[in-house]
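As a starting point, one isolated chain is supplied in structure tokens, in the form predicted alone.
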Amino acid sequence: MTRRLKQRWARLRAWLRPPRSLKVTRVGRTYLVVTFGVGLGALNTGNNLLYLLLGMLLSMVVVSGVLSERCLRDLTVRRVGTDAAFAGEPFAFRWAVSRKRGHAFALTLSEADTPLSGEGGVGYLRAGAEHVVRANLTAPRRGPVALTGVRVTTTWPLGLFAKTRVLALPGSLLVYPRRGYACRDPGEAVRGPVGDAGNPRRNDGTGDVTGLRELAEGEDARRVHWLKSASLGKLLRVEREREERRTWVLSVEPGLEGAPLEHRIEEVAALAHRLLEEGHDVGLDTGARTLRPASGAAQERHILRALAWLGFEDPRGDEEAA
């Protein structure tokens, strides 16, 4: 199913969805059984006291429905999102909920019509205040997840029924590959160590300073220590510790599908994390996309994004998942 068909199907489901849904809780089921029993007793015996009790029980059901509906009205939900989501492990996800008028109680928020599991809640929401609700969600697999709306549920005031309202809030979430361990070595580096000892004419190291020496003919002048050179009257060059930084280009072999593809993606993600943690430069080649070698946390995020989109349609413009 293409991306456009999925969006149309999501809009159709949202249009056909009733404005509210109601679910009887465990306490509610007990309450209804007792109410039904009292009703039978009142009909069989004609006892006015039982009729009065039945009326009170039924009126509480009506009061519960009215008050819960007031809780769900005039709500505004804004999706704050998450910093990073990895498949198979909980990640922090946040919504900002507010209400212009009145108070709300016992609200539970979750993402509607998605494979994401988990929910967050707020016990009391003041009028005019925005409250950030935090939840630990879990995604079963990597890739983009289309978000259609936020499900808001309340059991207030008696906990007999769970009334739910879905607020339409389209968006997307990109789930990174599952974090694990790499069973294989990354192979031979495409470029060896760089630094003072590896190549003194270019790519000077960034390690700790070990000393100064006179600049030789043909050496890079960018490493000259100008203050010391001016005080001694000759050009002095800064010497730094040898770097062990290497460069790897990790690849995902074309033609892989299903479980082998997922296994290779998780392995590449683990290798990239390990090499970047050690200070190396890491690139990526997936066949459809190539990332130039670089280091740092930003490069790891670029690699994870490329791996997460592998096998799915490429993001386009502002539709790209966050």
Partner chain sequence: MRPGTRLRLVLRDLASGCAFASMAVSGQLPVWTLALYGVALLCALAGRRLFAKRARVTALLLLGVAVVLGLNVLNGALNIVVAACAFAGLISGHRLLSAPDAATDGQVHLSGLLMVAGGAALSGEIIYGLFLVAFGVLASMALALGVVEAAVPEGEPVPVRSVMPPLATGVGFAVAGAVAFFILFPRLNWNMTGPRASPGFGEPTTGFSNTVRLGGAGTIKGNPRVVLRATLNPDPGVEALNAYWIGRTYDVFDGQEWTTAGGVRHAREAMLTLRPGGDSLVHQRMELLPAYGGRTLIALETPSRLGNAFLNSTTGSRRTFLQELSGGEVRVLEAGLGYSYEAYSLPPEKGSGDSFRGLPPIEQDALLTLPETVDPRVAQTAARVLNGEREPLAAAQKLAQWLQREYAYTLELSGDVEDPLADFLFTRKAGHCEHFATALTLMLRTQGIRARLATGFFGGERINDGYILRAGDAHAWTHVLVPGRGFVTVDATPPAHRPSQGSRFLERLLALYEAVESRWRNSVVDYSFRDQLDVARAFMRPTREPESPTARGRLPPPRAWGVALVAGMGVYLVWRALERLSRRARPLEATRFLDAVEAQLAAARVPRRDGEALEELHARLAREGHRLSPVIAPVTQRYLEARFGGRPLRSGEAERLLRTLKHALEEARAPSAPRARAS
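Numbering follows the first chain given and starts at 1. Keep in mind the model is a prediction, meaning the values are calculated, not measured.
One more form of this protein should be noted, the form predicted in complex with the partner chain, which is absent from this view; the next part is about it.
Taking the partner from elsewhere, T155 is found to have a heavy atom lying within 4.5 Å of the partner chain in the model of the complex.
In the model of the complex, Y124 approaches the partner chain with a heavy atom inside 4.5 Å. The shortest heavy atom separation between L167 and the partner chain in the model of the complex exceeds 4.5 Å.
The shortest heavy atom separation between L261 and the partner chain in the model of the complex exceeds 4.5 Å. Comparing 284-292, 262-270, 31-39, 249-257 against the partner chain in the model of the complex, the single stretch with non-hydrogen atoms within 4.5 angstroms of it is 31-39. Of the residues G81, G88, G159, G102, just one reaches the partner chain in the model of the complex with a heavy atom at 4.5 Å or closer; this is G159. In the model of the complex, the residues of 56-73 lying within 4.5 Å of the partner chain by at least one heavy atom are, in order, M56, L57, L58, S59, M60, V63, L67.
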